[in-house]
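One chain follows as structure tokens, the form predicted on its own.
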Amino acid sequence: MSSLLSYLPPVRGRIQENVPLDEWTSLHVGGCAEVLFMPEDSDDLIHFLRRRPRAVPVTVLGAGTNVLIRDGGIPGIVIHLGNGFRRIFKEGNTFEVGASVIATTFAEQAAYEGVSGFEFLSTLPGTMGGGICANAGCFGRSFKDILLEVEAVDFCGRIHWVPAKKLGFTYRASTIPKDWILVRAWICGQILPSPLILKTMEEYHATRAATQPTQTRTAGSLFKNPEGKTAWELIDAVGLRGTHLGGAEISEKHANFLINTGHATASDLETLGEKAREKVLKETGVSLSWEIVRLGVPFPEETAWEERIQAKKGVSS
């Protein structure tokens, strides 16, 4: 049987088979990408998506700071936007930002250029694209407060330009389709002296360091806060702070953080998270929703792509 790679179109970017993904995430767990594709630029991405076999699933991976990749890895194609999507252009108080720009990096650059409104981003280690899709936020601000417009490419290679008001932003969520890949965004701030911006950022970082396990292998908040409550208080109330399972731990410092203490598997982490959900539901009646995004399969899958591709030949998704 031929490998999946043999069915994929030629590209200018980097494409590899069986790439371990544990070092691509902040939790440092997970199996391999069956194929990992890092497009050179938007044209390379569009070319690839228009010609890829429709029978093969596509998964987008950003900075890996808010994801848990399961031990069996991710079947199909994993797309990671690299250097070609890290450009930043400024005009007045508006920025055009590539989707793979790290939010903290952008916040620092904006601060030194005297544009405020992005200070909260300095504590978010993920990419701008991932943050927009999840409407990530903290300190009373989120991406919906700064976003003007996005450019995206769907899994069939079609381009979409959409204003922020049509992206359905709610708490830690948006209506951006799962088969879209954000490539650029336009965001707006306010002119302010750099020293004032940097002072606010320093205060945010001090607060984070004092209240969250920032120096550990974690993926940020484990669960979304239910309406009118906080997830950490619910987890703490049922006695789970500091609980261990294998190499996984619910943080002693902040009960809504899941930590890889050094030898956890993805299964350890996901199982402990699910046990926390079950106990909170049983004892408080509140159902918590995962904020960490879980990707892939628990165990390696046999993927007979040759037969699936042949069966779907000529059929578009």
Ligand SMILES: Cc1cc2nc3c(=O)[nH]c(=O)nc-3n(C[C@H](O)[C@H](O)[C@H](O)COP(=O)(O)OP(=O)(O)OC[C@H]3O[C@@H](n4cnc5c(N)ncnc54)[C@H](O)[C@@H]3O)c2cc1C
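Numbers for residues come from their place in the sequence shown, where the first is 1. Just so it is clear, the model here is predicted, and its values are computed rather than measured.
This next part talks about the form predicted in complex with the named molecule, which is not shown.
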Per-stretch contact check against the named molecule in the model of the complex, the hit in 185-193, 217-225, 230-238, 86-94 (non-hydrogen atom, 4.5 angstroms): 217-225
Interface check vs the named molecule in the model of the complex: of 138, 198, 167, 245, the one with a heavy atom inside 4.5 Å is 138
Listed residue that, although the named molecule is not shown, lies within 4.5 Å of it in the model of the complex (heavy atoms), from 36, 63, 56, 250: 63
Contact of residue 67 with the named molecule in the model of the complex (heavy atom, 4.5 Å): yes
At the 4.5 Å heavy atom threshold, is residue 75 in contact with the named molecule in the model of the complex? no
Under a 4.5 Å heavy atom criterion, is residue 26 part of the interface with the named molecule in the model of the complex? yes
Spell out, yes or no, whether the shortest heavy atom distance between residue 111 and the named molecule in the model of the complex is within 4.5 Å. no
Within 122-147, the residues that have a heavy atom no more than 4.5 Å from the named molecule in the model of the complex: 124, 125, 126, 127, 129, 130, 131, 133, 136, 137, 138
